[in-house]
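This document starts with one chain, in the form predicted on its own, laid out as structure tokens.
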Amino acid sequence: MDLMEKNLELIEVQKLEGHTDRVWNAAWNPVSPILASCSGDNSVRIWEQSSLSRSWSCKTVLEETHTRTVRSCSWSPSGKLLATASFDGTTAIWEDLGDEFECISTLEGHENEVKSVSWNASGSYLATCSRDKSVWIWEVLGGNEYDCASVLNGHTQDVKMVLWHPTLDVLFSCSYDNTIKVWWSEDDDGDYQCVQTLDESSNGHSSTVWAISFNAAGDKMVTCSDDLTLKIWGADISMMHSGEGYAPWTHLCTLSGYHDRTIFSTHWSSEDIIASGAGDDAIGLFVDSKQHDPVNGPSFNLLLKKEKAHEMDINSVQWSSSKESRLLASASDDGMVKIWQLETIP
């Protein structure tokens, strides 16, 4: 289906109100129609969709565990556990018990603010990163036990985000030092090393890199930055799947001129639509033009730009994992979470 040929519009479905400070992050549960959001008000809100009315409401508020801003939240692949990373230096693990959420573990070790948390595809590892410039890998041992397996040092500044590859146990981190680092353990001993640094010399970003996302196949990655660009990267991951060693990432193209303020968030949907959220209060949607120039590689077109999507900076854009719904969540400094639907206009 060629999305460019359709008349599409991003329709606001619902505004989720309740946070009393900026909302930093939103995360869809991979299994259920549930959305988590976290905020400068030190809380996490769990929003649930009614099967009857289809409207969203706050099911529960997770508070009194973190003492400072909750910067990031991430669901485990099973959808049963929620990890929350906070400026108080801890990462909390919450279990969904059906009628309530219980904090079952608190991960401590970072020297200061934890900025991001991510589960690997099998749910056996968790990664966190911090203003202390380090990336930590935690092994999930069962029995609510989490063991620090590695402390990865390499970034020279605040690490903004960590994200596991969708099909391989390869970890990616991006930083205020303008780089993206790739961490991989060549054998199964869990000895993670930095195997690649994507910086300006590799056509990378010239300022802080805020976020990373992968396409469903995992052979392309999008990154966004303070330099007002989105960059698309590619790798031959089939080589890694067949055990032939590390497949390096290369720059494919740069999307610039679409936002005039910092791009804080980007997310690649299962339908191959890239969303961006920025300090210009706008959401951008991009698709592959399918015109692959043998010299310049692939190019991406702007599908649409939703101006004034929020009243202040957009910190997070996240597509729902459900293909049918085409739902996008956005979180902003204006204290709002919004749910949008990408609809075809007749």
Partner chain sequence: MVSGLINENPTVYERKERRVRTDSTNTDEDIRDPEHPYSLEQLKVLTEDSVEVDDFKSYVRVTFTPTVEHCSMATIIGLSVRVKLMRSLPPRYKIDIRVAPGSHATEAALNKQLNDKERVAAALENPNLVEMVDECLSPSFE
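Everything numeric in this text was worked out from a predicted model, so none of it was measured. Residue numbers count along the first chain shown, from 1.
Just so it is clear, the following notes concern the form predicted in complex with its partner chain, a form of the same protein that is not shown.
Just give me the single entry in His267, Lys220, His259, Arg131 that has a non-hydrogen atom within 4.5 angstroms of its partner chain in the predicted complex. Among His267, Lys220, His259, Arg131, a heavy atom within 4.5 Å of its partner chain in the predicted complex occurs only for Arg131.
Counting non-hydrogen atoms within 4.5 angstroms of its partner chain in the predicted complex, say which of Trp119, Phe101, Phe214, Trp210 makes the cut. None of the other options qualify; the answer is Trp210.
Looking at its partner chain in the predicted complex, is some heavy atom of each of His110, Trp136 and Ser185 within 4.5 Å of it? No, the whole trio is out of contact, none within 4.5 Å by any heavy atom.
Given the stretches 239-247, 165-173, 145-153, 110-118, which is the single one in contact with its partner chain in the predicted complex, using a heavy atom cutoff of 4.5 Å? The contacting stretch here is 110-118.
With the partner left out here, check for me: in the predicted complex, does some heavy atom of Lys59 sit within 4.5 Å of its partner chain? Residue-level check for Lys59: no, no contact with its partner chain.
Answer yes if any heavy atom of Thr69 is within 4.5 Å of a heavy atom of its partner chain in the predicted complex; otherwise answer no. Judged by the heavy-atom cut-off of 4.5 Å, Thr69 is in contact with its partner chain in the predicted complex.
Can you tell me whether Glu271 touches its partner chain? I mean in the predicted complex, with a 4.5 angstroms heavy atom cut-off. Residue-level check for Glu271: no, no contact with its partner chain.
Given that the partner is absent here, does Met312 sit within 4.5 Å of its partner chain in the predicted complex, heavy atoms only? Met312: yes, in contact with its partner chain in the predicted complex.
Does anything in 9-29 come within 4.5 Å of its partner chain in the predicted complex by heavy atoms, and if so which residues, in order? Arg22, Trp24, in sequence order.
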